[in-house]
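So this first bit is one chain, no partners, the form predicted on its own, shown in structure tokens.
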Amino acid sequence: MTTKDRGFLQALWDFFCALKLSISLLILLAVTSIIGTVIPQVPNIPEEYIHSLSQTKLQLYDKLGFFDMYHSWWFILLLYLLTVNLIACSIKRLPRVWKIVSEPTLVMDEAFEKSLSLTHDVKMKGESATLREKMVSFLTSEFAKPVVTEIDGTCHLFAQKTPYSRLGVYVVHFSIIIIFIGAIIGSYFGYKGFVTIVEGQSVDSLTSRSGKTIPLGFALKCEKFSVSFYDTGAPKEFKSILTVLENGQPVPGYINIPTIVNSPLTYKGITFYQSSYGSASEGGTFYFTVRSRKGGAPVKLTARQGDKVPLPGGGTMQVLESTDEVRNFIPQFSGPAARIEVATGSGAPQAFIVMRNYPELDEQRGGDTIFSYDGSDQKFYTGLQVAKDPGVWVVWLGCALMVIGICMAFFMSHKRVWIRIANGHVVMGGSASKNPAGFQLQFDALVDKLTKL
């Protein structure tokens, strides 16, 4: 390898080991993550949001992957660079730290003593052997069990606490890499998609974000769907009652499972999250009572959405849409309602709302025919987000390691105490990897106890 090649490789190594690179990558990831928060991500991109963008901006967002930012090539590249940076920093700095942990300095000679910020010299009477036993007992009871070293008639004692706390930052590094590995496993071997299931029906596949159909390996049936509302008309809670089917038969333990927002159903590693709902376009039947304003017996009518139904006396009606809560149409009313269109042959068709709880209101409309809405057996569909992530347990492992590493790095300190016994003098020194002010108080307390021996 030429000198030029070695120089390039060294420069590349220094680049990936730089703390500036770590800070820059973390800032970039934080800033770009805002994009994924502000811009809707697939598959939950509202149509009105798409229409609000100009064609140029839409194409730019699509090319840059802003609609699926966390899977875009440039975001993944930032994660890879951060991973390489963490590995390089750990490889460069870990050997020195590991040597401090595994091969501590056992002897406090005069040169090493001068490097310590905390030292104290106490003159004590007694034989060297007696002082040695006394100091061993002292450190064992007040700090930690010491290691004793004899050199040229001088006795050295060394004791330490939580030496492995120095590795906390590397545990955090390793945990981040583990989390990235879990995310990669989930990205390559998992998927995210959605399903819609009409009440009483079942599905055995899902549609992925890319539009691909993926078989579930089992069937999921929506037994019933229900929704409740606040007084304002906003949905309060919508709930699906789901049953898992294997070979057409319900799976014990997975029958009539209530699934609501923040309480998903998980089966065979596939999780179903309650996401949306709506009225099914097929299978609903609506019931009305129709009577003439001029008098006569009321007539019961049955209609399906979109079908034109003949009216007594001529004309037709059809159901345009319906709701279980009329507040969606008119805020001051409540209860089921239907929007219908009536064509009499004379003039343009009229569309209006008929409410089940307020049958008398249609009399005020002024038409020749008065309608009462008797209800429907309209079915709902439930919309479920589907996710399979085999790397989730790897991610959780990484999160647990991160918590441990953060506790080691921020709440624990490597504390060391040395004692040298020579010529009737006991010299004690100490140091701590973190919180020197706190350790000084502990060291002063040890000195105070030592002088009283």
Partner chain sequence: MNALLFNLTMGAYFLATLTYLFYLFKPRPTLGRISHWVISGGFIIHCMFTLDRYLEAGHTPITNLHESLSFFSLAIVGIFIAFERKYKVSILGSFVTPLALVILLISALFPSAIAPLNPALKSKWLAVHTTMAFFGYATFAVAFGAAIMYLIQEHFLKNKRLGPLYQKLPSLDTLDEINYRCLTFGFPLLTFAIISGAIWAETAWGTYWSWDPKETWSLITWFIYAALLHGRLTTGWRGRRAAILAIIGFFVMLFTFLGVNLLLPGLHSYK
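What you are looking at is a predicted structure, and each value in this text was computed from that prediction instead of being measured. Each form is matched to the other, and the largest set of C-alpha atoms that superpose within 1.5 Å is called the rigid core. Positions refer to the first chain, counted from 1.
There is another form of the same protein, the form predicted together with its partner chain; it is not shown, and what comes next is about it.
Stretch 173-181 is the answer when you ask which of 194-202, 114-122, 357-365, 173-181 has residues with heavy atoms within 4.5 Å of its partner chain in the predicted complex.
Contact annotation: Ser52 falls outside 4.5 Å of its partner chain in the predicted complex, judged by heavy atom distances. In the predicted complex, its partner chain lies farther than 4.5 Å from every heavy atom of Ile214. Remark: Lys236 counts among the residues lining its partner chain in the predicted complex, judged by a heavy atom distance of 4.5 Å or less.
Its partner chain in the predicted complex comes within 4.5 Å of a heavy atom belonging to Asn262. Looking at 394-428, the residues that come within 4.5 Å of its partner chain in the predicted complex, counting any heavy atom, are Val395, Trp396, Cys399, Met402, Val403, Ile406, Cys407, Phe410, Phe411. Core-superposed comparison between the shown form and the other one: CA of Thr119 displaced by less than 2 Å. Relative to the superposed core, Asp389 shifts its CA atom by less than 2 Å between the shown form and the other one. Ile76: CA moves 2 Å or more between the shown form and the other one after rigid-core fitting.
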